[in-house]
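Only one chain is shown below, in structure tokens, and it's the form predicted alone.
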């Protein structure tokens, strides 16, 4: 390594750097040692002329490695990677002496010293660089979609049309999810309510006809492991007690079945038999058996004319390898029994919105006739109560808004008004939320005569032959008792059990409300933390049908990019030293990206999944794992270079910033926010890449303090904070003041806060040094 020839190129950046950094002094200092054989300046190294200078010097001086001191690597990293050809593009380092030096340090002398320090760091670091290549990867052209509601079916159709093999699984015996049950959907543009089944059935038909889609009902995802970028999944399919090839749907089995259970299709308003067809238009159109209710009497077998029934059938285990997974597991509704003051399900005449929808559905228990369950008569008044379980600070409530409840209530109220104009409808609301075009629909329904009262009812009671809703009208400040025939509750949408089960199996994080957490709510709303796993629909949070379909199509697009894009992955991924590895598997268990797997008695790293976060390095008891191009020794060399030639009395803070923190630091420079010259930034992909050995190395080799800048909204946040506490304990045991180590949350827009935190830490360290 000592024989390698390193060249340094200094960019003036049109005066942005050279006006505040004495580059002649920097050059003279660099040439004093043996590390650098040539130094060249240029006004703008990113220009074509700069390119020629760099290439010319590499060839003329036979340079092995290069340091280009200029602006942010984000701005011109790729530019200079191309400029250093024929060298390998990873044989260079790029200290940022513009945004993180000349633009944040007013004093020219201090800025010059800092620039030299940053360049020295890169010179030491580049010695550890090795030739690397981007990793071309392909994933299988097959996808598993979990959940066959409108989101799952939409994404399955889209992917199949693009030629992908899709396996669509549904834990229930029929597809369609909540949309097939709901009866009517609102269309604000037309100020109308449309038949949900009429809209959904063509989409389902398309799914059924597409030979690229394999539909498996009564099926759940049991396990998933990552293998070379693909997913090996195990599915468990409940037995087909009724052979669909033999069943003629004659219905004789249902007629003789002696066992009844609540009918899920009608929300428990009616009962069904243990052997049954979920609903007349169910897809697949076949009978199914509720094995929890079946008493195995065998009467169905006796009457089946085609011998299609086998009560001894067992679960089927199906293994698949797929390139991507889409979680479209939908939602469930809040258990309104947790709010007993509203009387559901204890009072027969208190319903949920979905029960009301079934009651008014033409294929519902009353063939579409709205009646009061206890009397069988058309209600004279219906009172709806909003925000049951949502926007609810009480125990077992959800603080979030369920987003669609106001529109569901408004739609059902208008339906009642349309069919039963003599029935009064009152909606008791907390705040009406009808964004965008829905506001127009809300006004339209108001004009039709539906009444709205602002106030959350405190109690629903039965008095004589009717219900009473007690509330305070918060606009008029008056208490009211509303006598009514029917009460309808708008229950919160919450994460389904299927969503939580899928997240557990796939190892993807949940939000605090138990929905699937997307990678980034703005920029990557359908991606998850695990590359290749996507989410859409209400598995990700409350949303309406339109938004669910948009998200499903977005997920399809992202998968298409993944499959067809011919990805080239950066080579900074985990590498396992097979001589040290004892195959304990801790790295596999701890990898939240499912990037590691066991294969033929060795640990395999999936290049697509691996982010180079370094979690496996921290976990490995044998220190058998490293990150390509980011070794521990390279990180220590970066520290060593920054502390090289430290002047007497000079204070230096080694600041490890993750990618978010690094961008925030660049923003300090762009906005000319002053930062202490003592701060020397080292960019790491994730803060947990920094080990105690690096902190101790810095503090025992001249650094006055170590600053860790971490983006707090990441899955390892709590572990990172806990790890820093452990580091502080180790520092104390090693006789080093733990106050010399600080961790701070960093957000890109709050660069001024980062600068303030640097200043405070700098001041605190000066007091420590004086003590």
Partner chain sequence: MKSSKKQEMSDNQGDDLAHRVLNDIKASSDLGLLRCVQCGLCTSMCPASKHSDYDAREIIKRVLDGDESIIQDEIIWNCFYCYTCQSVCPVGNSVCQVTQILRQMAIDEDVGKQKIESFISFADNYIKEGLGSIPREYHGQLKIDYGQHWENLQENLEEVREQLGLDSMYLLPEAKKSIDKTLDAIGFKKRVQEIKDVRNR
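Residue numbers count along the first chain shown, from 1. Remember, it's a predicted structure, so these values are computed and weren't measured experimentally.
The next section is about a form of this same protein that is not shown, the form predicted in complex with its partner chain.
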In the predicted bound form, does residue 483 come within 4.5 Å of its partner chain, counting heavy atoms only? no
Give a yes or no for residue 459: in the predicted bound form, does one of its heavy atoms lie within 4.5 Å of a heavy atom belonging to its partner chain? yes
So in the predicted bound form, does any heavy atom of residue 307 sit within 4.5 Å of its partner chain? no
Please determine whether residue 601 contacts its partner chain in the predicted bound form, using a 4.5 Å cut-off between heavy atoms. no
Answer option from 650, 529, 392, 110, heavy atom within 4.5 Å of its partner chain in the predicted bound form: 392
Quick check on this chain: which one of 418, 474, 321, 285 has a heavy atom within 4.5 Å of its partner chain in the predicted bound form? 474
Interface stretch in the predicted bound form with its partner chain - options 619-627, 464-472, 372-380, 444-452, non-hydrogen atom within 4.5 Å: 464-472
